[in-house]
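What follows is one chain in structure tokens, specifically the form predicted alone.
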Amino acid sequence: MKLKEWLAPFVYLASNWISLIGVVLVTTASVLWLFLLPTSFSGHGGDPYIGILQFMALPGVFFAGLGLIPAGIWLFKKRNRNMLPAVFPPLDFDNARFRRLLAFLGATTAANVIIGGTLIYKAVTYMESVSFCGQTCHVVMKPEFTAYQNSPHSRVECVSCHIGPGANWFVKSKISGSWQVISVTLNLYPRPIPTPIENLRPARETCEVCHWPQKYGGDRIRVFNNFSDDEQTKRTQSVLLMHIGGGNGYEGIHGAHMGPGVQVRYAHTDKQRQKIPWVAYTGRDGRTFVFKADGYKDDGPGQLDVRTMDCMDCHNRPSHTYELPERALNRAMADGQMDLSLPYVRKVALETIKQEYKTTEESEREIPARFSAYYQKNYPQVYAGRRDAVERSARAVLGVYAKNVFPEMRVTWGAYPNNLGHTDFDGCFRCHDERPSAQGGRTIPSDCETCHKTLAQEEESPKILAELGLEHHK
């Protein structure tokens, strides 16, 4: 039997709209797959959205089309059982039905390839954008998006950290995101949104791509500003010499925790890893010391989750940091956003932003009004003569609140612990609490000089800054 005679029944029976749609889907998916094929051989895996097209979307379209072809043939044959010809028309251009079929397939496939390719390209580009992650799709992530915009990583795209390269990580994130979409649609999502700490990518795949872990950081100066609540605001400064260390050296914070041959493992009792009763420290000499918090009875971690320490255990909010009101105000005042000559400016600002506001709209209305009202009532001459300064400071106070508190999402002051340091949250002291080792002879120190040296403590004009030429350092 000739090939044309063998194919004729299939072509005839496939000339129904269901099978034709299936053929178009198959050919369109095949052509688009060919377009994307070079990325598989080039080893380029930095774009997870290309992976979703290659390994999820296009196969789905392809197999859906394959299923429609026989489904359409079966339905057409069933409906026209008594109308089928004894001899099927030949497959040549004299057959009008065959010509129409080819013309339809050619036109629709070409159109689909052009339109689909353009849309897919635009979709991939848009899904990579920060606006998609922070505004369009993830409206409930407004707090995280706001914090991200004010972070040192505001130029780093969300997908660079939250979604790994290739289809594997993308599929994981979108499977998890499927429930998030349902939660948002049905208003089932928790408030505030919990930090997905268990699903974060390893630091070696995110932080260490840019931050070279073998780089020796040495010592660095940190200046902390504090402002008084007095009528005439005074600024004091604390200056610390931070022993960053790291690299191939053993000294400093990074060297002690992540230096060559060093491994720190810990067990935590809560999902946010804030309660750490068990720590195992392996040093460069290969010796391991186990430290247990007071009241912890087990010899080992028991049934607790055990994790090997990496960057994210201290730098747990590198791009989504929320400050406490005192620190946030200090930063705004140090940056010159508020007029420090206004009487009791910090005290009034602090009392204003610590009030409870039910909605963002209410806070935007009430915070500037309450701040200005204080001066209208208590210092009418100041308000009359320096109204611009009062209103500018009021806007700055609102800005401090708006960056850190989101009433609709129940994100209040201190909702998200920041483990970097130990002044605002437990941070370092989750482990560094002088707990002894089971073997004896060692403790996890809590002495201030372990990680930094205090060069000045709450001084109005620290001498050390003048000696270093940093007297204007903020």
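Just so it is clear, the model here is predicted, and its values are computed rather than measured. Counting begins at 1, following the sequence as shown.
One more form of this protein exists, namely the form predicted together with ligand HEC; it is left out here, but the text below deals with it.
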item: Candidate stretches 337-345, 389-397, 374-382, 254-262 - the one whose heavy atoms come within 4.5 Å of ligand HEC in the predicted complex; value: 254-262
item: 4.5 Å heavy atom contact, F429 to ligand HEC in the predicted complex; value: yes
item: 4.5 Å heavy atom contact, S160 to ligand HEC in the predicted complex; value: yes
item: Contact flag, L420 vs ligand HEC in the predicted complex, heavy atom cut 4.5 Å; value: yes
item: Proximity of I276 to ligand HEC in the predicted complex, heavy atoms at 4.5 Å; value: yes
item: The single option of M242, A332, L304, L350 touching ligand HEC in the predicted complex, heavy atom within 4.5 Å; value: M242
item: In the predicted complex, the one of P190, G295, P152, G286 near ligand HEC [non-hydrogen atom within 4.5 angstroms]; value: P152
item: Stretch 304-339: residues contacting ligand HEC in the predicted complex, 4.5 Å heavy atom cut-off; value: M309, D310, C311, M312, C314, H315, N316, R317, P318, S319, H320, Y322, R327
